[in-house]
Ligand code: NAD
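One chain is shown next in structure tokens, namely the form predicted on its own.
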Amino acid sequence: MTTPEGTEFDVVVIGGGPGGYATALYGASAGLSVAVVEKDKVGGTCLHRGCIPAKELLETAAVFRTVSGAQEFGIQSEQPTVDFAVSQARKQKVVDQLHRGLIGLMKGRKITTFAGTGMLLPGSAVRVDAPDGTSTELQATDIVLASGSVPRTIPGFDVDGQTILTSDEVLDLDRLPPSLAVIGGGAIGCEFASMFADLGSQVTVLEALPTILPGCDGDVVAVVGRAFRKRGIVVHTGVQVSGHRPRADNGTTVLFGDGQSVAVDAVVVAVGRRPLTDGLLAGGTGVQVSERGFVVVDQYQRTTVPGVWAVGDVVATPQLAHVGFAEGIVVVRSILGEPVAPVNYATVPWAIYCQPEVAFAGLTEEAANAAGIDIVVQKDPFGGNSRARILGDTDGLVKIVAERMPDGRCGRILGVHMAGPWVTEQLGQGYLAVNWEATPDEVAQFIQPHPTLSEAFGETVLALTGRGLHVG
């Protein structure tokens, strides 16, 4: 084992994904000396095999959908076709540009990057096993575990990269499968289903739970369900997948439910992700890992060992890149001894990029009722919104859940739920309202520009004050 100079740092981060690189960037901006250990490429799953490439291909699907419907606007053109190899090349170009930008940003902040697999050792040191077989031991006052996650698989569906795919492989396809089954109707599954359907594939979604998008508000789920049916996406909920029978033509027949089956050209397994802790901890570190494989932390991201922290998908918090960002900031501020508020996971913003898009923060109507909270609910469909009419994209609604005060007036806004055009870009003010425990009377003073999609939120809030304009 070599011990070259430059192996002592204030902070060593194992993992260069969103949680890891955010911790490093924030720490370096505060003057800490920081090292990042990354076995693949900085940016992690989000940049290279998740958020960014998936959303780029979803945007490709949106462009195709727009061009296909251009005649409605008086634009005459032939029916478009998809050259998926070109789409993939553009996706990779976007990823590569962002990757180079991140590398430059880290170098600019003097963050040292070690290529290899990092392992926490007893005594709070980190061993880096490089691709060339050499090892380096790093010392740091604080160590942050940010090794991320990998796709979960299911028995009987061995991933081959051709017929059986996870989110990793599906983003590298060079052709569009004519038909496919998506196992899992959560956020990832619905995004893939929406994308492939828009690009011309026949899609079947198989979800074990009673509804797609579990955890979303029921009215939002209903909007997405109607839109999926309208576009020919077949959805089966409350069904278990039991296996598949490969066909000679490289396709397969998926078996599910009570003797049901569907013949497809490809299967996308989208049943969530598991924490990647394989080889992360040497014996005797004292870091506790849960039965589900997550590193155990407190509300300030501290593990059971002083000076060792964990952020991102390796801990049992929402597997969202921006949650990893926020957790990294909590860690650095804690290391610096600055005042810090832990992440409030009950109010984090969620964004799902299927068509129609979904965005929400805070309690759903169902969750509020289950908690015994007396609530007021107000909804505004996008069908009455001027900008949505101009865009020709009116499927969806804004729904706000607020507490009901003893005098009948609305108190805090508890949840904001949206489905419709570009709602992922509209959630900001709704998230602020929920996070700051604002009331409709306070938020209704915000002037919404006209005509905009964001007026739907403003109209819904105004209606909750008891005096709406177009709503209520």
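One rule holds for the numbers: they count along the sequence shown, beginning at 1. Bear in mind that the values here come from a model prediction, so they are computed numbers and not experimental data.
Keep in mind that the form predicted in complex with this ligand is missing from the display, and what follows is about it.
**Q** Of the residues Pro356, Gly328, Pro275, Gly184, which one places a heavy atom within 4.5 Å of this ligand in the model of the complex?
**A** Contact with this ligand in the model of the complex is made by Gly184 alone.
**Q** Quick one: of Thr113, Thr394, Gln319, Thr285, which gets a non-hydrogen atom within 4.5 angstroms of this ligand in the model of the complex?
**A** Checked against the cut-off, the match is Gln319.
**Q** Although this ligand is absent from this view, report whether Phe294 comes within 4.5 Å of it in the model of the complex, heavy atoms only.
**A** No, Phe294 stays farther than 4.5 Å from this ligand in the model of the complex.
**Q** Taking any heavy atom pair closer than or equal to 4.5 Å as contact, tell me whether Ile352 reaches this ligand in the model of the complex.
**A** So Ile352 counts as contacting this ligand.
**Q** Given that this ligand is not shown alongside this chain, does Val271 nevertheless sit within 4.5 Å of it in the model of the complex, heavy atom to heavy atom?
**A** So Val271 counts as contacting this ligand.
**Q** Does Ile154 reach this ligand in the model of the complex, with heavy atoms at most 4.5 Å apart?
**A** Answer yes; at least one heavy atom of Ile154 falls within 4.5 Å of this ligand in the model of the complex.
**Q** In terms of non-hydrogen atoms within 4.5 angstroms, which of the given stretches 199-207, 379-387, 101-109, 361-369 touches this ligand in the model of the complex?
**A** Of the options, only 199-207 has residues within 4.5 Å of the partner.
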